[in-house]
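A lone chain, given as structure tokens: the form predicted alone.
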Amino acid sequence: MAKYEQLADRLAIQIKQGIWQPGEKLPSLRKQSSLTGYSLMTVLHAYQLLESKGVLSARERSGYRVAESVEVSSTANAVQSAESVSVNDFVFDVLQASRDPHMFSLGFAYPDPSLYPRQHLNKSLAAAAKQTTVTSALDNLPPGNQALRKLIAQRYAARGMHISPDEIVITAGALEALSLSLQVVTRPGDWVLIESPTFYGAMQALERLGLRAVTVDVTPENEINLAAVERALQSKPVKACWLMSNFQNPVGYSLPDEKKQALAGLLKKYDVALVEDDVYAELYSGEELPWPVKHFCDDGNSLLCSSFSKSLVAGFRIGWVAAGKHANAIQKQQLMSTISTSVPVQLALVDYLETKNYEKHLHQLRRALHQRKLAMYHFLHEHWGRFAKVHYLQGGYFLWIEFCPNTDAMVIYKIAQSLKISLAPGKLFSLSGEYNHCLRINASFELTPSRRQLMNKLTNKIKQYLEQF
């Protein structure tokens, strides 16, 4: 094979892999020659060969570009073709689908990004860049930026919770906070109590750390059964309990205060550490921010994890854990893994919280989420109500959908993807697949006329599928 043919084949593979997109300009002849070591004439012949095959198009004074008609591979589509997937594979599938800008991302885990105060955050990032010095990395090692920890502690104090800045550790998002918390209160092979269905990150963390799960069923109507919790604590030597007590993902329930207090008492009685995921607490609907279970714990054996990812900005990946007596162990564990959290982002959040009106943003965010969730609920209740139960609970932005037990939500998931709609099937939230007839829907996106039309198409296709039964 001639050298120009070898180069042409290499470029064709790159284009097929999506390294060069349709309409994108390729490096000039001289630049390509420098990059590959081929002569200018070899590069020219390779480009001309690809042009003759319709892969490239030449434009006068503009060089060679990838032809608009060329098809490139899609990572998301490649994942979709898998017949058998693990939890990790499937989480990757759903998240990749949500990256498609043309996708109506009802399977997305975060609120609609358009609801975030991007301009204010960008200004805070710019201000933080000016503050960053050569010693900033050392100044912000675990437990993290002192000013940020103080601001978080002050926000807890405003709620009537006395959490010292010294027990707060800044992390790279809430999931790191939760994983670090599990690491310091368990050892491989230990039993951990989790909800079912549960946030898929919990199952991933348990698998990664070599832990075993004992599950307690939760439902939108009955929340978590405390008698079942006690039976689980009696049946296994449980070391930790991982749960969400406010706007639980995926079901959406929140525990009333009396149940939170009773649960705190049970965990103390059986000497079980509480790892509490409280990332949705700020997204309440109503007048009062709900308490976490930690508020009712008095033994220091509770680790409250949260972040700014759901309430302010997903991309910053800043979370924290109010770790009580475990704060020092969390810091040591973090130093052995991520070392520290992004310094510029920590400084940007300090600037934002000190100079911008975070409370005003939260008020607007909660109002928008309430309106959008209600609109999606009314649409689904009207159009899906005959063949599915749509659970609506106050707060957060998720809706939990239950079809008849013999319905395969994976089929509906694939139907939706063919229409450029992503969903989160119940399979994501279970160790044993018992929620395969369920879906979680992110209701934070505005239901525009075009999206209503798209949802109508999905409704018709679901009806066609269900007619088989």
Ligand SMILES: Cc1ncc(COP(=O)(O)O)c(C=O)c1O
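Don't overthink the numbering: it's just position in the shown sequence, from 1. Since the model is a prediction, treat every value here as computed from it, not as a measurement.
There is another form of this protein, the form predicted together with this ligand, and it is not shown here; the text below is about that form.
At least one heavy atom of Phe199 is located within 4.5 Å of this ligand in the predicted bound form. This ligand in the predicted bound form is not approached by Pro290, whose heavy atoms all lie more than 4.5 angstroms from it. This ligand in the predicted bound form is not approached by Ala322, whose heavy atoms all lie more than 4.5 angstroms from it. Taking the partner from elsewhere, Gly173 is found to have a heavy atom lying within 4.5 Å of this ligand in the predicted bound form. Taken together, Leu380, Ile401 and Lys427 are entirely out of contact with this ligand in the predicted bound form: none brings a heavy atom within 4.5 Å. Of the residues Ser307, Ser302, Ser105, Ser124, just one reaches this ligand in the predicted bound form with a heavy atom at 4.5 Å or closer; this is Ser307. The listed set Ala273, Val251, Ile194, Met244 contains one residue whose heavy atoms approach this ligand in the predicted bound form to within 4.5 Å, identified as Met244. Looking at 382-390, 108-116, 184-192, 364-372, the stretch with residues near this ligand in the predicted bound form, meaning non-hydrogen atoms within 4.5 angstroms, turns out to be 108-116.
No residues of 400-426 lie near this ligand in the predicted bound form, the criterion being any heavy atom within 4.5 Å.
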